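A single chain, nothing else alongside it, follows as structure tokens in the form predicted on its own.
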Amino acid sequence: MGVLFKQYLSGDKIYTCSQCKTHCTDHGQLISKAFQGRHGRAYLFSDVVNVTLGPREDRMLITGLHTVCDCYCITCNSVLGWKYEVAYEESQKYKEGKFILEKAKVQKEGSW
């Protein structure tokens, strides 16, 4: 097994993996809090770090059919959410390339 390289984020509002506290993204990447995940509320982010992506799969979500990849914490391998690869409906194209992190799977660190 190789050396694990993690990116550490600076700033006072960081979202981390709730299991192992690995940095995932900062508040500046947040696009919306009005999303639904598998385990309740979820957040849409423009970018995340310290994740690996699973295989692409078509998934029927509330807003229609999307091709997504689950994203996993690189440290503890917990499923944190997913990445939108393809949105088939024109009104949903803004999600492509963006990430959902489930509120139940991340926590806030810093001075909120």
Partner chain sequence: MAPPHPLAVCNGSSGPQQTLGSRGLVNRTEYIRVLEQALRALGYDSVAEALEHASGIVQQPQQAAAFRQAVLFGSYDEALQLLPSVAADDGVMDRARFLLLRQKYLEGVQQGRTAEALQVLRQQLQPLRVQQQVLHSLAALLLQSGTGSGAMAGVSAAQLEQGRAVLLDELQESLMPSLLIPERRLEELVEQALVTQLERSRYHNSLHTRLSLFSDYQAGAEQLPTQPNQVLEDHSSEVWCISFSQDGCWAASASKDGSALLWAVTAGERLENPRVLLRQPVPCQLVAFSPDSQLVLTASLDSVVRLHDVQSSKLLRSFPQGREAGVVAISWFPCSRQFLVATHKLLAVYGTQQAGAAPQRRLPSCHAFVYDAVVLGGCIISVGQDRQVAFSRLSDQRVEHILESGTVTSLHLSPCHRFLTTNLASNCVHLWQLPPGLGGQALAGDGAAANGHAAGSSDTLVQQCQGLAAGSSDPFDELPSAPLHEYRMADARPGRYVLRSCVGGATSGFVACGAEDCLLRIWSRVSGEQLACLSGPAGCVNAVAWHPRNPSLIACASDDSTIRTWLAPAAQRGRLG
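Numbering follows the first chain given and starts at 1. Here the structure is a predicted model, which means the values were calculated and not measured.
Same protein, other form: the form predicted together with its partner chain, not shown, and the subject of what follows.
Visitor: Can you check whether residue 46 is within 4.5 Å of its partner chain in the predicted bound form, heavy atom basis?
Guide: Result no; residue 46 lies far from its partner chain in the predicted bound form.
Visitor: Quick check on residue 23: any heavy atom within 4.5 Å of its partner chain in the predicted bound form?
Guide: Contact check for residue 23: yes, within 4.5 Å of its partner chain in the predicted bound form.
Visitor: Using a 4.5 angstroms cut-off on non-hydrogen atoms, would residue 9 count as touching its partner chain in the predicted bound form?
Guide: Yes - in the predicted bound form, heavy atoms of residue 9 and its partner chain come within 4.5 Å of each other.
Visitor: With a cut-off of 4.5 Å between heavy atoms, is residue 52 one of the residues that contacts its partner chain in the predicted bound form?
Guide: Residue 52 belongs to the contact set for its partner chain.
Visitor: Of 69, 79, 74, 31, which residue is found within 4.5 angstroms of its partner chain in the predicted bound form when only non-hydrogen atoms are counted?
Guide: Contact with its partner chain in the predicted bound form is made by 74 alone.
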